[in-house]
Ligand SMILES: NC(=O)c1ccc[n+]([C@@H]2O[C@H](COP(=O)([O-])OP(=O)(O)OC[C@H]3O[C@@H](n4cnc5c(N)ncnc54)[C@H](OP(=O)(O)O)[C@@H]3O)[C@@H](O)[C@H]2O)c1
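In the block that follows, a single chain appears as structure tokens, in the form predicted alone.
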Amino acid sequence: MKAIVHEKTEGLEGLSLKDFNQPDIEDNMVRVKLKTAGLNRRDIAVTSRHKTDQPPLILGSDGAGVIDSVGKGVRYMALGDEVIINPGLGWKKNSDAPPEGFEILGLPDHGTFAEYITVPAENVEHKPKHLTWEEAGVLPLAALTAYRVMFTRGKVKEGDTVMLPGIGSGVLTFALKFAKAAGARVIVTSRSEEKLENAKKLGADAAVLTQSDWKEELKDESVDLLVESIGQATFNKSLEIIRKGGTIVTFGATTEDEVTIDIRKFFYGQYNLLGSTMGSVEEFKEMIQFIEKHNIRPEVDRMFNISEYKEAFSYLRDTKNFGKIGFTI
């Protein structure tokens, strides 16, 4: 089978499209013939985290396709079922943090940028009927991350004001749609006027440039929940704009990881700072039900043929996307 593989050289230069052995089926597992797969910033990071002296690795966490083979013990999936893949391995029940041993497809296990993949049966769900293959393939990781951020950790509710700095990523476009479905008011920021306009078309109530003075631009707003995924470049601006007693949930950092804060100002403000990453099988099922109930679709920016992997990785690395990008396989 054809697969996008990383080996020998660190970074994107170590990627290639090559023939790889089709995975075997084992008990309690299913093999999926993939139709589409979603590309995430994690996949770019893996090209540096995967060591050059390790065996070749198939990248990719997101995917959707058709059940091709079913192992012994599988009860709820059958040949030909259309499914989407939950990329989180070993996190069944919702909990305060992932359990020991939690992993994500695409490192250390082989991922979804291939014609076939074998995964535990508990990691596939039937594809929502309202989604196209392209939408289904790019949904799982970003949508699950956004669902846990907004509901499990952020506890967003009707009437809240939510702020999403750096709108444009897959996670944040889902967070925007989830927040609006929950009845919240949403403020977004971006360095791009075009992305701000796109966000307003999706329902954002207010949009400001990331590089602007947020306190001045949003002086009449009271932000209850802010989703921070930029890091050092905006973290203190986020602390300045959140209301006293408000909550910041962070799930990533596209700029420097380390930040310095005024701890006295922080505790006088009674702020809440929460971390979040991915989600459990339980939350994945809840997220699927939520998007079906509200007819939510991923914002698909662009799909690439699997042979266009170099262009796709560069496109995401340079943050050209608004929403998700992925591969047709």
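A residue's number is simply how far along the shown sequence it sits, counting from 1. These numbers come from a predicted model, not from an experiment.
The form predicted in complex with the ligand is left out here; the points below concern that form.
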query	finding
Interface membership of Val162, the ligand in the predicted bound form, 4.5 Å heavy atom rule	no
Contact test in the predicted bound form: Gly168 vs the ligand, heavy atoms, 4.5 Å	yes
Met287 within 4.5 Å of the ligand in the predicted bound form, heavy atoms	no
Any non-hydrogen atom of Trp133 within 4.5 angstroms of the ligand in the predicted bound form	no
Region of this chain that lies against the ligand in the predicted bound form, out of 183 to 191, 118 to 126, 79 to 87, 198 to 206 [heavy atom, 4.5 Å]	183 to 191
Joint contact, Phe151, Val227 and Ile242 to the ligand in the predicted bound form, by non-hydrogen atom at 4.5 Å	no
Among the candidates Ile296, Leu57, Met29, Met278, the residue which, in the predicted bound form, approaches the ligand to within 4.5 Å (heavy atoms)	Met278
Residue among Arg302, Lys33, His50, Arg41 with a heavy atom within 4.5 Å of the ligand in the predicted bound form	Arg41
Residues in 246 to 276 close to the ligand in the predicted bound form, defined by a heavy atom within 4.5 Å, in order	Phe251, Gly252, Ala253, Thr254, Thr255, Ser276
